[in-house]
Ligand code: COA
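There is one chain below, alone, in structure tokens, taken in the form predicted on its own.
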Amino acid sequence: MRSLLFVPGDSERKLEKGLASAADVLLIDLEDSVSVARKDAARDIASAFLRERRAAPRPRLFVRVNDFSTGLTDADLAAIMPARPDGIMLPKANSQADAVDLSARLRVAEAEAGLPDGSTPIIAIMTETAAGLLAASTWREPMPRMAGLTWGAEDLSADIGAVSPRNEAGVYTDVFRLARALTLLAAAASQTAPIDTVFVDFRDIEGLRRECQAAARDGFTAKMAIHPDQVAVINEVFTPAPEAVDAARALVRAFANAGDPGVVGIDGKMYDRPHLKRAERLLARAAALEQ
């Protein structure tokens, strides 16, 4: 999972266009991109889309439901779960307890839809409110359902009253850098995939590339997108380079050949256990992308 493309759930045209984007995941949106008046229509359209595409070659199809505070979450699940989505995205998750709550609701929905228990994974957006950001430390226990954690800047800026999440140079200001860092740490602590937030200026492809490269450098393994034109760059940056994969294989092989010591030397350089762990993680990502 490298790229996750948001698509409004009430637009058949945009849903079909999303399929051609080469995104690893389509995030069928019932939340921010759908007006209140269109919520029912979005549920019907999204459900029909899921049913029609169930057997066809396609990206993974997750649905972003409305957050708990709206009172719409259960209606979303009731409409969507019989159509067997590949996963659910939970916005405005104010702590890991919200993910536990959603998991319990999914167990009921899975039973009612005849789905295997625990078969619907969750991606949570954990920093869209001040409360969610302050509760970042609650994300510390692995959950079998969790497929990823991500963060949001736009909703957080609205919640705290910020004019913009970025300064005049286009750099995130302190609160939003904190949200990004805590998401990365929370994902590591809870042993799930760290997913970087959207880059809203979809015409600035080079700006997107720089932000993807910075995210990949820091440990994020995927990024969300708001436009199909962003997908190719995201996929490129978050695909491990062949030379990096070769180097990781050589490092793992060197440790194995040396009897799994604490340190090995390769071409005049010393590598210890953290280097080995990093190599193993890269190889695991590369293998997952080949499946």
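All residue numbers refer to positions in the sequence shown, first residue = 1. Source: prediction; values computed, not measured.
Below: the form predicted together with ligand COA, not depicted.
The contact residue chosen from 51, 249, 60, 227 relative to ligand COA in the predicted bound form is 227, the criterion being a non-hydrogen atom within 4.5 angstroms. Heavy atoms within 4.5 Å of ligand COA in the predicted bound form belong, among the stretches 235-243, 42-50, 250-258, 28-36, to residues of 28-36.
Although the partner is absent here, residue 13 is a contact residue: one of its heavy atoms lies within 4.5 angstroms of ligand COA in the predicted bound form. Within this chain, residue 223 is remote from the site of ligand COA in the predicted bound form, having no heavy atom within 4.5 Å. In the predicted bound form, ligand COA sits within 4.5 Å of a heavy atom of residue 203. The closest non-hydrogen atom of residue 278 lies beyond 4.5 Å of ligand COA in the predicted bound form. Contacts of stretch 242-270 with ligand COA in the predicted bound form, defined by any heavy atom lying within 4.5 Å, are made by none of its residues.
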